[in-house]
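The chain below stands alone and is given as structure tokens, in the form predicted on its own.
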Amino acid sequence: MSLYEEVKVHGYAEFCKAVSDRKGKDIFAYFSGNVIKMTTSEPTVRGEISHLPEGSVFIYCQVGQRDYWKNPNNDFKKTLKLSGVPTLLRYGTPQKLVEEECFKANLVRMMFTED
């Protein structure tokens, strides 16, 4: 049995539902798109996933097609204040790794292990 729950969602509405369904839990979210950076950073994030706190939730969220992502008024940018993908964040906190920071295993591990 896994010490954390993993949820895969696509789009802002599914992300919001996943968060709402898990209210009160420690939530980490990895936002990805359909570009090269994601395929190279995802193994780094997944390589550190064993360090997630027990009982936490890892949400893997596809942000949608390039045209949607490039729109400055998309919900991810407006509401969650995402500035790039990939982004790894600890939901409800200011802790966030953006783009190249997601390639650094030590930063990913620090996010998963520090309060």
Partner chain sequence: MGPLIQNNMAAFFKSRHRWKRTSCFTILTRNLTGKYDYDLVVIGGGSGGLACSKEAAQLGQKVAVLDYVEPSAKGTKWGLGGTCVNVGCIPKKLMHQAALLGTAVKDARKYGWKIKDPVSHDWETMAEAVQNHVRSLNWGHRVQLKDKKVKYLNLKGSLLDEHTVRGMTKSGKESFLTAKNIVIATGGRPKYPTDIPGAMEHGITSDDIFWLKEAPGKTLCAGFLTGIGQDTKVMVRSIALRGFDQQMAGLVTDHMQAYGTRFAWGCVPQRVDKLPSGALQVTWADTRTGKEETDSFDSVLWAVGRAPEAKALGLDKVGVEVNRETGKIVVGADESTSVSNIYAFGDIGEGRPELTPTAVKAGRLLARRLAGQSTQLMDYDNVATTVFTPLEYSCVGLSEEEAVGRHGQDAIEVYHAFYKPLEFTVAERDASQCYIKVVCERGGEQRILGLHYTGPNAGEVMQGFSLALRCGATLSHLKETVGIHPTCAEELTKVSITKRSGLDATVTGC
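Every value quoted in this text rests on a predicted model; they were computed, and no experiment measured them. Numbering follows the first chain given and starts at 1.
Just so you know, the form predicted together with the partner chain exists too; it's not on screen, but the next bit is about it.
Remark: Cys16 does not count among the residues lining the partner chain in the predicted bound form, judged by a heavy atom distance of 4.5 Å or less.
The closest heavy atom approach of Glu99 to the partner chain in the predicted bound form falls outside 4.5 Å. In the predicted bound form, Lys104 approaches the partner chain with a heavy atom inside 4.5 Å.
Although the partner is absent from this view, Met110 contacts the partner chain in the predicted bound form, with a non-hydrogen atom inside 4.5 angstroms.
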